[in-house]
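Before any questions on how it binds or moves, here is one chain, the form predicted on its own, in structure tokens.
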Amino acid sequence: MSRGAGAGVRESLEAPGSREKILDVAEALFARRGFAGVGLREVALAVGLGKSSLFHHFRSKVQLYLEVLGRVLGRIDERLRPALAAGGGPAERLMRSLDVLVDALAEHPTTARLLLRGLFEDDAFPADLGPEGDTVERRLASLICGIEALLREGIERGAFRRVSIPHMMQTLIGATVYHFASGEFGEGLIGGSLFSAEEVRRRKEELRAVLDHGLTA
């Protein structure tokens, strides 16, 4: 290979598009089979790179997985944060935020299953996850704290019943993340695609009904 050709290959590997493509492919694979079920060689082949070229972007499978998780949480945070901060009473802001979350999960079918796997796969990782692990923890904590603060505000202002905030968080996560991660089982229950426009609309309606009867004072 000529010197010029070698430089061209390096430039191609270093291009931002190559890294994003790796993250896209890895997100789909990790969502389907989890951290333990995916190898770096498989990711590299799916992207069209050699394994050594993949290491040019990611030093390990743990780093790749954490960056995938961090990117997913970042996408949600970018949309959820403005919804939480916008005007209106606690009930209005909570429902608006859940609508935004439902839309974010519906637009990326891999997101919910990846997040659900991430909640119980942490025993597969080393104790020190480095800066990528810190980023994931911060983004997840930010999302959870934002909803918890809104629930607390609603209770203090008399807009919500005096519910257990941790249990309500479990309920909301189940009604959103689990719903879109439930795959064939969930589709069998509702009798259609979880991600169709009609079913996404119905999910929002069901959430609103549950909150109107179970949370709103």
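In case it trips you up, residue 1 is the first one in the sequence shown, and so on. Since the structure is predicted, the reported quantities are computational estimates derived from the model, not experimental observations.
Keep in mind that the form predicted in complex with a further copy of the same chain is not shown, yet the notes after this line are about it.
- Annotation: in the model of the complex, residues Leu98, Ala106 and Ala149 none come within 4.5 Å of a further copy of the same chain through any heavy atom.
- Interface residue remark: Leu140 is counted as part of the site for a further copy of the same chain in the model of the complex, having a heavy atom within 4.5 Å.
- The closest non-hydrogen atom of Leu54 lies beyond 4.5 Å of a further copy of the same chain in the model of the complex.
- Using a 4.5 Å cutoff between non-hydrogen atoms, Glu206 counts as a contact of a further copy of the same chain in the model of the complex.
- When contacts are judged by a 4.5 Å heavy atom cut-off, Arg161 counts as touching a further copy of the same chain in the model of the complex.
- Residues placing heavy atoms within 4.5 Å of a further copy of the same chain in the model of the complex fall in a single listed stretch, namely 31-39, out of 66-74, 46-54, 31-39, 150-158.
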